[in-house]
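Two forms of the same protein chain are encoded below as structure tokens; each is given separately, as structure 1 and structure 2.
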Structure 1
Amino acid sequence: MVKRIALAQLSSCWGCDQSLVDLHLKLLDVLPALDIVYWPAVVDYKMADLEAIPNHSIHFGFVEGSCRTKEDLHLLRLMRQKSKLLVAWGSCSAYGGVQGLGNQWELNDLLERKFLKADTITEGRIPEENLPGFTEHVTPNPDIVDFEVILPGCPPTSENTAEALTALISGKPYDLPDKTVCDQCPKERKEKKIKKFFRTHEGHIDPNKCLLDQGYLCLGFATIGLCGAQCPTVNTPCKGCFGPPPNIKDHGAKIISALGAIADMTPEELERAFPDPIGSFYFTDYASSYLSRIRGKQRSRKKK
């Protein structure tokens, strides 16, 4: 049976979508099994088309992006209503994404920087006409509606999405692996104690050794192993863009806990090495951290 699929984009960079398009010729293998009922990036369907679809009639709803605007909230709820099985597609959808870093500030601060104080702006104002308005706080989609499948990644690799799609088409469950990037990494980790942390512009990275052992903050040990260790393979530290393995609730907390054990440094040295723990230990998943949730609750209480 041909399955109906819808792919919707909330506030996002469209990279998850692009990653699917990057399957190129391989797309032809899965397409015959699918009837695309909504995919504005590629097919000429409008929001009204989606609204007109009967409830629960979409077999697979893929949601990319997170709710930065009120229209995003509408589209997310609509996708839930129309879909039998909803997939949080990519780290934006699963955890809030890189834009979750904005939760460090109030919405007003964000608006001010962009629309009132940007260096090139002559007369600022906050645009409002025919526009949806912003959410006060980026809340991860799974905190707003239920999802059957979570597929993180920024973006998930083409293969990740193809694999999930193939499983879903054949009616199999899609579960996340309980592996880390280190498990997939070709570099050998000796679990050395770290005496000093280096930033990527400092020194030379030895291509044959584990980056963390060399003192570069590679987050492979605390990050779910789905991407095939793309970054460490090319001598670049993992920044954890796929989020933590499924059993870990707070990515940054996990990293901090581990650093306490592997760093042979005084607390003061450690603190000096990481003046920006949010930026260093959360990347695409700050919105789903305990602290961001606390701030989110605080913000919604204040509004009431």
Structure 2
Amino acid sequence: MVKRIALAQLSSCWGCDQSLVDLHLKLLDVLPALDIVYWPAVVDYKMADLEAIPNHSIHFGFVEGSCRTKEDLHLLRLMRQKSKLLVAWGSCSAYGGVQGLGNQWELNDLLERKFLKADTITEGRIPEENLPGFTEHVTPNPDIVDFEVILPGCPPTSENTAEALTALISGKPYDLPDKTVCDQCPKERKEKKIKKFFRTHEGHIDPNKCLLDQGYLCLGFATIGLCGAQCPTVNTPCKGCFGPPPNIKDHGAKIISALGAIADMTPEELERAFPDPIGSFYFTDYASSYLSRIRGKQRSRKKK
């Protein structure tokens, strides 16, 4: 039986769609089993096309991106209404994404910085016409509607998406692994006692040794192992873009806790090493963190 599938894009870079297209000829393994009824990244579908589809008639709904606009919210709820099974496709959809870092500030501050105060602005104005309106902050999609499947990644690898699709088409469950990027990394690891952290362009990386052992902030120890350790394998520290394994509730809190145990450094030295701790430890999942939720509650109390 051919399965009806819809792929929707909220506020994002659309990298998840590109990752799917990057399957190239391997798409032929799954496309014959799918009837694509909505995919604006590839075909000029409109919102009205999705609205006209009967409720619960889409077998698989893939949603990438997060809700930064009110139109995003409408599209997300519409996908839930139309789909039997909904997939949070990518870290933006699962956790809020890079744009979730904006939750550190109020919406007005973000608008002023973007449209009025940025260094490249010459005639600043905040656009108001023909726009759907911004949400006050980014809420992770799974906190807005229910999802049956979470597939993180920034973006998920082509193989990740193909594996998920193949499992769903065959009626099998798609579960996330408990392993981390470190479990997939071939580099030699030893007991850690870090006396200094380096930026990626500093020093000389030994390609055979663990990057964290050498003082480079590699977050593979707290990041779910779905990518095959692509970045560490080529001597680039893991930034944690796939988010945490299923058993970790707060990605950044796990990272900070672990660094506290292995860094033989003073608080002042750590502060200088990480001038942007939120960006360093919550690259794609700040919106789903305890810190962001606490700030959201503070924001709500101020409005009252």
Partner chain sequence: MITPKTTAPGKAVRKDKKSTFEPRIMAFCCNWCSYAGADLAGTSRMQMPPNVRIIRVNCTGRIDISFILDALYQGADGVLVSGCHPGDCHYTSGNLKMKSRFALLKRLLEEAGLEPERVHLQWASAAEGEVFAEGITNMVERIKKLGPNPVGRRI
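The structure displayed is predicted, hence computed values, not measured ones. Reference numbering: structure 1, starting with residue 1. The term rigid core refers to the most C-alpha atoms you can superpose between the two forms while keeping them within 1.5 Å.
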Practice problem: Decide which single structure shows the form predicted together with its partner chain, answering 1 or 2. | Solution: 1
Quiz item: Core aligned, does the CA of Ser57 move at least 2 Å between structures 1 and 2?
Solution: no
Exercise. Taking the rigid core as the superposition reference, indicate whether the CA of Ser257 shifts 2 angstroms or more between structures 1 and 2.
Key: no
Exercise. Could you tell me whether the Cα atom of Pro267 shifts by at least 2 Å between structures 1 and 2 after core superposition?
Key: yes
Quiz item: How many Å does the Cα of Gln298 travel between structures 1 and 2 when the structures are matched on their rigid core?
Solution: 2.9
